[in-house]
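Structure 1 and structure 2 below are the same protein chain in two forms, each given by itself as structure tokens.
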Structure 1
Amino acid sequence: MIAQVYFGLFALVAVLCGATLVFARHPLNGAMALVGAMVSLSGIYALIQSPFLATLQVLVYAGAIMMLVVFVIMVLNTAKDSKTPGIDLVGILMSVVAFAFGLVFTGVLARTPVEARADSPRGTVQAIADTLFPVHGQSAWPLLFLAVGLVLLTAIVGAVLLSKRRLESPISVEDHA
């Protein structure tokens, strides 16, 4: 029972934070709202037997990634979204699309009979490590793990190249000057 109360609380916070993200004027407010949503999602993860993911959610997502976003927002200090209207015609149209998406999902879900199983294992570090790096038997996960490592490496190189002050190639055109 207490779990459901917590779930309700976390869900409420998450949805409120999500709504704040949609309506916030300043990106910093949006980012803070997103952090809130992520932390409450982390709580929900912990409630549904995924302690490892809950930890990672706080460490990597809310911690590292959002820190980066906030940092960049602060670096580009002029980013206050005052020139553009928060909601315009296209925005409303898009919100309708998003709402329709949610509606369809909800509709499908409402008609799907699903039941949590009691014998589903907990997502502990041990269990996830055993799945990710199986000592016995074959699995695609280790290969994917390597691939993700490559993706991250590429991202680092790409980010360094992109954020250099000026690319030394004739393609980069300074057209604002």
Structure 2
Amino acid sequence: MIAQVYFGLFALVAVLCGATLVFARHPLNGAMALVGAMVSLSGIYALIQSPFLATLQVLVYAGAIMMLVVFVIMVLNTAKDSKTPGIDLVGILMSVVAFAFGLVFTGVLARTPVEARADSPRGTVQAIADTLFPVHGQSAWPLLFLAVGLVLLTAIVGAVLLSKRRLESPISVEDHA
């Protein structure tokens, strides 16, 4: 019973942080909301007795990767905080794409057989590897890993192109006066 209360609390915090992330006008506020969602997800991992994933979620995602994201935001944000747009047509289109990706992901999860036994170890590296990459049979998890890798690669290339465009812009003498 108490686990359900904690799950509801962590899920509510994750949803509220996700909504704050979507509607945040300042990038740093959105990044902090994303950290809150990641920490609450770590709490959910801890509730399902997966200490390895809970620790990785906090150390890697909420710690190291979000530090890099905040650093990139601070480097690329050239005092245009007041000009940050709200939700526009591109934002609505990308929300539809993200929702469609979520439906595909949910469909893959619904078709994946769940074989949990009470005596099987959970939350260990071997148990995670056996679930994601089974020795016999087909699994859609490698395809999802490839899709996430492509999304991350696209984001990295986009960030590099944005930063190079701003760094290589010509600076006139009048700008320094």
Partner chain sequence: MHSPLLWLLPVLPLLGFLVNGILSLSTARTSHGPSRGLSGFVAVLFPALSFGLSLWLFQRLSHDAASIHETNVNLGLHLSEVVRYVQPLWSWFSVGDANVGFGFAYDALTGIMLLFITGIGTLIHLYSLGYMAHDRGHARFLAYLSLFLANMIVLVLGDGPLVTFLGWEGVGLCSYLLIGFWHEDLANGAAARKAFLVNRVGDLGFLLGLFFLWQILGPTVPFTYQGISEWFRDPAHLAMVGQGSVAALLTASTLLLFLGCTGKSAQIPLLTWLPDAMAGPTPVSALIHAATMVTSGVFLLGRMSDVFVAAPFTMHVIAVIGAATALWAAVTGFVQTDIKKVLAYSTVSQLGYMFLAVGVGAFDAGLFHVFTHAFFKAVLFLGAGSVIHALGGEQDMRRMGGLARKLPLTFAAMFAGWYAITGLPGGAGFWSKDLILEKTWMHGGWALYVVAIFTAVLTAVYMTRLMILVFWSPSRVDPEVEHHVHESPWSMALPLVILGLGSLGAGFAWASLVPGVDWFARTLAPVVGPAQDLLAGPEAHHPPVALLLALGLMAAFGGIVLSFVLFRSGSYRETESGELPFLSRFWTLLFDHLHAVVAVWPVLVVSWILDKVLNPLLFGLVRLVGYLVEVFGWLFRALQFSRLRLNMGLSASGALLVLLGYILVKELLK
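Owing to the predicted nature of the structure, the values given are computational and were not obtained by experimental measurement. C-alpha atoms forming the largest set that superposes within 1.5 Å between two forms make up the rigid core. One-based numbering along structure 1's sequence throughout.
Matching the description of the form predicted together with the partner chain is structure 1; structure 2 comes from elsewhere. When two forms of a protein are overlaid on their rigid core, residues whose CA moves 2 Å or more are considered shifted, and Thr131 is one of them between the two structures. After superposition on the rigid core, the Cα atom of Leu16 is displaced by less than 2 Å between the two structures. Leu59 shows a C-alpha shift below 2 Å between the two structures [criterion: core-superposed Cα displacement of 2 Å]. Core-aligned Cα shift between the two structures at Leu146: this is 15.0 Å.
Aligning the rigid core between the two structures leaves the CA of Gly102 offset by 6.2 Å.
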